[in-house]
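This document opens with one chain alone, in structure tokens, the form predicted alone.
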Amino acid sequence: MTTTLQDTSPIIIAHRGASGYRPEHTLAAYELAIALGADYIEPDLVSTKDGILIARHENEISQTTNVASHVEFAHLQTTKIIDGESKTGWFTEDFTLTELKTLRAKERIPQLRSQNTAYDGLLEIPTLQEIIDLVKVKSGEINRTIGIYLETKHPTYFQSIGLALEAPLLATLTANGYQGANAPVFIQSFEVGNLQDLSTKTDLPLVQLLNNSGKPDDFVVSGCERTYTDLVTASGLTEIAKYAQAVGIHKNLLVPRDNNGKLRSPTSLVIDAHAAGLLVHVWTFRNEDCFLPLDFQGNPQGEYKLFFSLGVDGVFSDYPDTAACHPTVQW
């Protein structure tokens, strides 16, 4: 078994909260994740029209809220190009926080998680500050520090419309006492440029997200020819280590699947990243068979066992209780 970079138990990152049990990116999802043993909760951050950071997986919110049923906002439906893709719907940057607070969350994938639809229409869209307040209260109640693992969503896009995410993010974190390399915070991004810029402005840990296809959107905008594949090479990881402390990787980059969905041999990515001094956090672990490789359908615990044996430093999970109950993880 390969050890983690710091020879500690891998951290459990509640992906969008306990999103297997509650609609994602709601205070209820984050609170349950903490109760189920998560070390970190993971909010994705987008901006409102008035520059407030809120938690949504995407700035287009028709899949995760009841905005379509609010006739007073019908005129705000529009089509935009986000990271090169045409999307039609309602976008957070066209709403004030006051307006967004009149909406309610709903389950994004009801066909898979019908039990979560019981909470449709009950839960608000939380702000970053509300999430921090929850984390501080719960950390005090259970006498265990809960971290926040924040993703800046579409940073180049938000910068292009005058709603850059980074300055309000750092201001909010500083105001709440999150400072220094040992603070219980990670800031992650699929783009490179904003992390490089952040590295000159904060000592908080930064995470370069790496997908198994495509390229960072800022590379697309700038005309850079490099892809995520180039970033996961030994030399690419060495470059990442100049501005980030960790990589957040698609799990297929570490253990690829064949055309039938069966696992192939692991790559050297964990070894290479650790050699560069980078932590490795892997996404995303889910219990449903449609997300599992053929090898572990009906046995999500077996998938965790495999990845923990490869020395990963953390996992993003929709079901933090499944991840936290694995015997490799010690509380």
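As the structure is a computational prediction, the values presented were derived from the model and not from experiment. Start at 1 with the first residue shown and count on from there.
We do not show the form predicted in complex with a small molecule, though everything after this point is about it.
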Original post:
Quick one: is Tyr157 in contact with the small molecule in the model of the complex, heavy atoms, 4.5 Å cut-off?
Top reply: no
Original post:
Taking 4.5 angstroms as the cut-off for heavy atoms, does His15 touch the small molecule in the model of the complex?
Top reply: yes
Original post:
Using 4.5 Å between non-hydrogen atoms, is Glu303 touching the small molecule in the model of the complex?
Top reply: no
Original post:
How about Leu209: is it within 4.5 Å of the small molecule in the model of the complex, going by heavy atoms?
Top reply: yes
**OP:** Name the stretch: of 70-78, 184-192, 136-144, 85-93, exactly one has residues whose heavy atoms fall within 4.5 Å of the small molecule in the model of the complex.
**Re:** 184-192
Subject >> Heavy atom within 4.5 Å of the small molecule in the model of the complex - the one residue of Glu151, Glu107, Glu166, Glu99 that qualifies >> reply: Glu151
